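Just so you know, structure 1 and structure 2 below are the same protein chain in two forms, each on its own as structure tokens.
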Structure 1
Amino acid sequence: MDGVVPFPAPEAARYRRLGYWEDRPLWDAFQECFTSFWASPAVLSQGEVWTFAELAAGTERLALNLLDLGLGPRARVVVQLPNCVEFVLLYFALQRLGAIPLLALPGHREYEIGHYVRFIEAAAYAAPPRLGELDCLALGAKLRADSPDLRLVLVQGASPGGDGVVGIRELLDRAPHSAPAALRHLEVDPSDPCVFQLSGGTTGIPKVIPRTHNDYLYNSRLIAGVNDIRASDRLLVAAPIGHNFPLASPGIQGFFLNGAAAVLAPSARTEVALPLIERHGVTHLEVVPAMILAWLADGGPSRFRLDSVRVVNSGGQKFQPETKRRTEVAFPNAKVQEVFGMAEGLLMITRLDDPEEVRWETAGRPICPDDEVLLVDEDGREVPDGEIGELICRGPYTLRGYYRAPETNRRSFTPDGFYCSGDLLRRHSSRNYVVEGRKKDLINRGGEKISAEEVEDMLLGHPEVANVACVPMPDPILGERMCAFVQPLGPKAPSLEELTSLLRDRGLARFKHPERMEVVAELPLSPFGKVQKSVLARRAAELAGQPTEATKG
């Protein structure tokens, strides 16, 4: 497919020979599981319960109606739906057609959506009527006028009418013109993308990640195998469903493959998400640290019965050991299982039978024996065990290039196909890995490189700190100093001296201590809950040179 960098033929042949790739469309595997678990609940969402049988029937009808509207193999669709049944139905209907959804996030706005529509030459845009202040219907009309390939706007719920606008629920009720046999005659290449994911950057337009039918099915099967998923289990989906983590790592894909159900939360707010855990007996959570920290700060775990939860998966950002300990107190029957992953492919996860200190201190290890993982220095040389290096990787479910991005690919991949992640890790004595931050998350204080996450980890141990982010602040002499943005746990914020005293007591080198502290009501977050350090760095630059409380020396 034009714009997609293929896996080299020898490696692709090897992945097939080893059984990693099944060489069939993603939908084929899900059709099998829908049939196997026919009568079991699959999706619970805002009072609705859909069994696998109902999901299969709804997917077929929706796919046939979309086929009538001109969508088929390789048609591209920008999907900007919240956590709702329509997302699940549309996602699998597009898989059945061999069409390719690009999964935008609810927080994206006209700039990003317009770019995606034009960049992938989308034939359709799917969204609710509104997302906050965004009028998606008006945006859809504008995009149709400006983008010759965009023919169709698919709306969550019923359609308000208008040229080229149709409601997803209406398509579920409409008798299709095409017969079911038409779907069986569609030709879908398992080497084609089944989905376009987006890179996890917090600045600029995220890059488009093509995940193939072969690699994405393997991705979900493999990580589900180390997540203790049983057919009676239920996953709470509170993060945006289109992100790689709640969709496929293991996400709804991994749970469906095992006959388990997904509980869709329209929001991650304490008063929305935690009652769903109690009401539906949720067994698995997939969270980002900001969610857990918010629930703990609200005292939510003390107000709801949460003893059904067995596994808490955390991803998207390093989950500090202190917060893991607090989480296992709040969810008394659960173990925290950290996932270090990327929409680009590679997944690491702690194992549930790892020793407690290993689960708390590390981000796990790769899920596939053919995940090739190297930690390298700035010259591309491997670093010794225990030292920090940049993670580069390749394997049977890690991409070989971003979509239609040859210049970016030359910078992001080595000549022999390793993806240069920009993540800084070190290998733990357990052979698991510890995340130490990002290359761009280093603070260079007079030539001394400081990992912001190392300092943040310790500061989260202060009893008055709910969350913290450390960023560089320009300095005319040292180049950069560290500024700590602190979200207090209660009405009283700790002083800078109290924070540095904690670091001093922990034995952290003095040059790593923050030299400025700013108290914030909350930290700015990306649509998926990652702290937007670029926003805080700009704020720190504005504060540079202004009077501040600071330690001396």
Structure 2
Amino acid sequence: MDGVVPFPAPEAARYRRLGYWEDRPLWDAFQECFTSFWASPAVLSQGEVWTFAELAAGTERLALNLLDLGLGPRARVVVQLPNCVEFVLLYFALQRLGAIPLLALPGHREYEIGHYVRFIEAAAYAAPPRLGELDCLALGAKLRADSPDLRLVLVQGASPGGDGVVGIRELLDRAPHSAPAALRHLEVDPSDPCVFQLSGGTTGIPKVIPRTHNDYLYNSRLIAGVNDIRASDRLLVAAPIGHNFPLASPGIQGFFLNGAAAVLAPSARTEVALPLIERHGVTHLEVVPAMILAWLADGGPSRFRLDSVRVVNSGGQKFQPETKRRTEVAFPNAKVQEVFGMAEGLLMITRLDDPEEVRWETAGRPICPDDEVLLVDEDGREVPDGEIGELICRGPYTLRGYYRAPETNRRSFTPDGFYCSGDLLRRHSSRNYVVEGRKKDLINRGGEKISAEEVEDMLLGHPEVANVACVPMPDPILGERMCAFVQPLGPKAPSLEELTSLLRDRGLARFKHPERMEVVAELPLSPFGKVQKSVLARRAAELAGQPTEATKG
């Protein structure tokens, strides 16, 4: 497919021979699993229970109606749904059609959604009527007017009326024109992307990650295998459902493949998520550290019964050993497993039977014997064992290139196809890996990655800003927040509010707004003339927790 970098033929043949790739559409595997677990509950959400049989029927009905509306193999759809059963039905209906969802986050705003719609030439946009202050219906109408490819807006719930807008619930009830046999004639190539994931992005707007049917199914099967999943188990989905972690690592895909159910939490707040654990006897969690820290800070564990939980997967950001210990006290029957994952592919994880010291201190090791993980220095040479190097990786479920991004791909991949993660790690004596930092220029805010460059580029558009550098500032709950160092053009510096209102006007997601601003006469430069972000990051670390100039005195 145009814009997708394929796996080289010899490696693809090897992955098939070893049985990693099953050479069938993702949907095919789920159809089989829906049939095997027919009467069991699959999704519990907002008081509704959907069995696998109901998912199978709903998915078929939705797929046929979408086919009637013109979607089919390789049609692209930007999906921005919250944690709801419509997401699950639409995701599998699109799989059934061989269409490709791009999974945007509920926090994205006009700027990001507009970019993705145009970039992938989306035929449809799926969203709830509103997401906070974002009027998704108005955005959908605007996108339809501006983007020649976008024909259809799919809305969570009932049809709100209006041209080209249809409710997903209505499509579940509507009798389709196409007969079920029409679905059997669709041709889906298992080497095509089945989904577009988003990377946290190292530069500019987050990059689009094509995950193929072959690699994405393997990804979920494999990591499910180290999660002790039984058919009676229940996963709480509290992070955004379209993210690679709760969707596929193991996520709903890994749970469904084992006949187990997903409980969808509309929010990760203590008062929403913890009662769901108690009510539904949740056995597995997939969380970012910031979620657990907030639950502990709210005293949640003393107010709700959490003893059904056996496995707490934590990923997205480093989880401190002390917090892992506190988590295991709060969840008396659970073990914490740290997942070092990426939407690009590679998954490393500690194992439930690892010695405590390994589970506390490390971020785990790869899940496939053919995951090639190297730690390299600036010149691309492997560092001696025990020393810190940049993680580069290649394997049966790691991408070979971002979608339609030849220039980024030259920078982010070695000539022999290793993805250069920008993460700095060290090998532990146990053969696991310890996260030591990162090279890439991004801020990890509670697991949500923000590209510094994307925000800087917009801030440079402010008439009073001469130069700006955004760096991470340590934070006890979120891990990091963003601090902007601003060099003003004239004597008067803009305020933080002026800068964030500019970002809001441009339609940039709120989580990407800087939360602190420091005015500097000049940004520190290296002898070469590059802004020395390491100097600014150290300064931000000293400033963390102190009042800003404006609030001092």
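Whichever C-alpha set is largest while still superposing within 1.5 Å between the two forms counts as the rigid core. Small disclaimer: the values here were computed from a predicted structure and weren't measured. Along the sequence of structure 1, residues get numbers from 1 upward.
The chain appears twice here, and it is structure 2 that represents the form predicted in complex with adenosine monophosphate (AMP). The residue from E60, S267, K439, D149 that marks the hinge of the rigid-body rotation between the two structures is K439, the others lying more than 12 positions from any hinge.
Rigid-body rotation of the smaller part against the larger part between the two structures amounts to 148 degrees, from C-alpha fits. Structural comparison between the two structures after rigid-core fitting shows the C-alpha of A540 displaced 3.6 Å. Superposing the rigid core and comparing between the two structures gives a CA shift of 13.9 Å at R516.
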